[in-house]
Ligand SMILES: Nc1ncnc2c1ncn2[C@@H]1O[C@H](COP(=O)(O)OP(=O)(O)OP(=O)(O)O)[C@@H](O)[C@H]1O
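A single chain, nothing else alongside it, follows as structure tokens in the form predicted alone.
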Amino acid sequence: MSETLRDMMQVKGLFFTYPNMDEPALKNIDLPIRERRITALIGPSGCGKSTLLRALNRIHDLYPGCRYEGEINLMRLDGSGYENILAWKKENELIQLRQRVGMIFQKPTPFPMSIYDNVAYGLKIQGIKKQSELDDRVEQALRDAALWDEVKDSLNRDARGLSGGQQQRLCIARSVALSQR
């Protein structure tokens, strides 16, 4: 019996244009992103891979003048259907989107704080205050990112002192921590 997978996101007819540009950087993109599957974007430098990834959590909105056309539909948390994130206008909606659709960039960007605080940061923003829950979720996220064994004895150390590969895994752990239930 084959398993039926839902689309977690659906990109439909997406055009994206940077400020002061006449031609869109993305033209008529259609892309399903299935649950529990890996989606790879492959192409030459400058073809729009990073632009598309940044559109998926509307990080372009941090820069004035960017324009979207089309749809980026995100599955509702309760699974009852989709919402077009391009219609979202409120800051709290965009914050919630960025909590659900994390971005891990090629060059890691640890926050200027401890390893522990880097992972706990988003959890605290979500309102988690209980220290034991924070401790458990930070540990699990670091384990999931294959970093726990390397940092468990130095969680109070400045995260910027980690190696490049460790910083990359720390940023993954920071994102993973938000998806834990």
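Residue numbers run from 1 along the displayed sequence. Just so it is clear, the model here is predicted, and its values are computed rather than measured.
What comes next is about the form predicted in complex with the named molecule, which is not displayed.
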**Request:** May I ask whether Tyr121, Lys152 and Leu155 each come within 4.5 Å of the named molecule in the model of the complex, counting any non-hydrogen atom?
**Result:** no
**Prompt:** Using 4.5 Å between non-hydrogen atoms, is Ser45 touching the named molecule in the model of the complex?
**Reply:** yes
**Asked** Would Lys49 count as touching the named molecule in the model of the complex under a 4.5 Å heavy atom rule?
**Response** yes
**Prompt:** Heavy atom to heavy atom, is Arg54 within 4.5 Å of the named molecule in the model of the complex?
**Reply:** yes
**Asked** Might Val11 be said to contact the named molecule in the model of the complex, defining contact as any heavy atom within 4.5 Å?
**Response** no
**Complete:** Looking in the model of the complex, the residues of 13 to 41 with a heavy atom no more than 4.5 Å from the named molecule, listed in order, are Tyr18, Met21, Ala25
